[in-house]
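Taking the form predicted on its own, here's one chain by itself in structure tokens.
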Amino acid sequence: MNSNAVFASAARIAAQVEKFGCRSAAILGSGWGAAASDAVPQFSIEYSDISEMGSPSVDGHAGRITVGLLDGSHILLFVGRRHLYEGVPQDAVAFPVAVCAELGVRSLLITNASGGIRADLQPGCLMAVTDHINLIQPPLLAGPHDPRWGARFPDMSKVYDAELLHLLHTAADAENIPLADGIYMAVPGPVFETPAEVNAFRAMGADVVGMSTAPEATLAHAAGIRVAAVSCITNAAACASGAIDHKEVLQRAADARPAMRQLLSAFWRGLVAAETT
């Protein structure tokens, strides 16, 4: 990763949105963009207008930075993400976190679509991530050390913030939305997993599997930003009853969108309340 280029470009975006005073942000993965519709847009810029980002090549990722207004507070939204499997440089994956670091964002919510491994995590379920297993290589922090990403060897024992996890469950309870907890397995993609791989991941302790989230969570945690993550389970990983395709992923996410929207809005309201007390 070219940290100097990433931070230089991130600083330019930060200068455009710093007037909004965003202290929380979200990276919205497959199917999650429309779930943030309660936040009224105040500013928007397309990824394609940012050299480090470029246009997403995956359906379900709009590709824009938006500042949304919800109950008087501004939230920085990255609507869609870039994945290393798209063939983009690491800079594109790191860029949203660098913008957050430049702005002094305190809390980052990362969302994704994932395949369920644990038996109770069926399509349509929502799961708060409590930990991850990262098989996406190379690590974004590899290479010359840049202190803007924190320590050379960041401690990873508590990547996902306990207070934010509590706020997610409080929001889910308030909206009567079932919310499981579990461990996210991050794989490179862009293929769905074989049955043997799913069995291996289950033996390793994974509850869901996806192709993102862990790199961003690692960077944000290293940079001192509190992290929470939520998965929408959109398919049963390597399900024997039929083939899996991306259209199914997007359809399942669309079916779960009302619950996703309610959870995000309630979480952000709870976060704002917690930060102002």
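Heads up: residue numbers just count along the shown sequence, starting at 1. Please read all numbers here as calculations on a predicted model, not as lab measurements.
The form predicted together with a small molecule exists for this protein as well; it is not shown, and the discussion that follows is about that form.
**Q** Check each of 53, 227, 209, 28 and return the one that places a heavy atom within 4.5 angstroms of the small molecule in the predicted bound form.
**A** When the small molecule is considered in the predicted bound form, the option within 4.5 Å is 209.
**Q** With the small molecule left out of view, which of 94, 79, 127, 113 would have a heavy atom within 4.5 Å of it in the predicted bound form?
**A** Among 94, 79, 127, 113, a heavy atom within 4.5 Å of the small molecule in the predicted bound form occurs only for 113.
**Q** Can you pick the stretch from 158-166, 69-77, 144-152, 188-196 whose heavy atoms fall within 4.5 Å of the small molecule in the predicted bound form?
**A** Flagged stretch: 188-196.
**Q** With the cut-off set at 4.5 Å between non-hydrogen atoms, does residue 249 touch the small molecule in the predicted bound form?
**A** It does: once the small molecule is placed as it appears in the predicted bound form, residue 249 has a heavy atom within 4.5 Å of it.
**Q** Please tell me whether any heavy atom belonging to residue 35 falls inside 4.5 Å of a heavy atom of the small molecule, as the geometry stands in the predicted bound form.
**A** No, no contact at 4.5 Å.
**Q** Would residue 244 count as touching the small molecule in the predicted bound form under a 4.5 Å heavy atom rule?
**A** Output for residue 244 is yes: heavy atoms within 4.5 Å of the small molecule.
**Q** Would you classify residue 237 as touching the small molecule in the predicted bound form, given a 4.5 Å non-hydrogen atom cut-off?
**A** Because a heavy atom of residue 237 falls inside 4.5 Å of the small molecule in the predicted bound form, the answer is yes.
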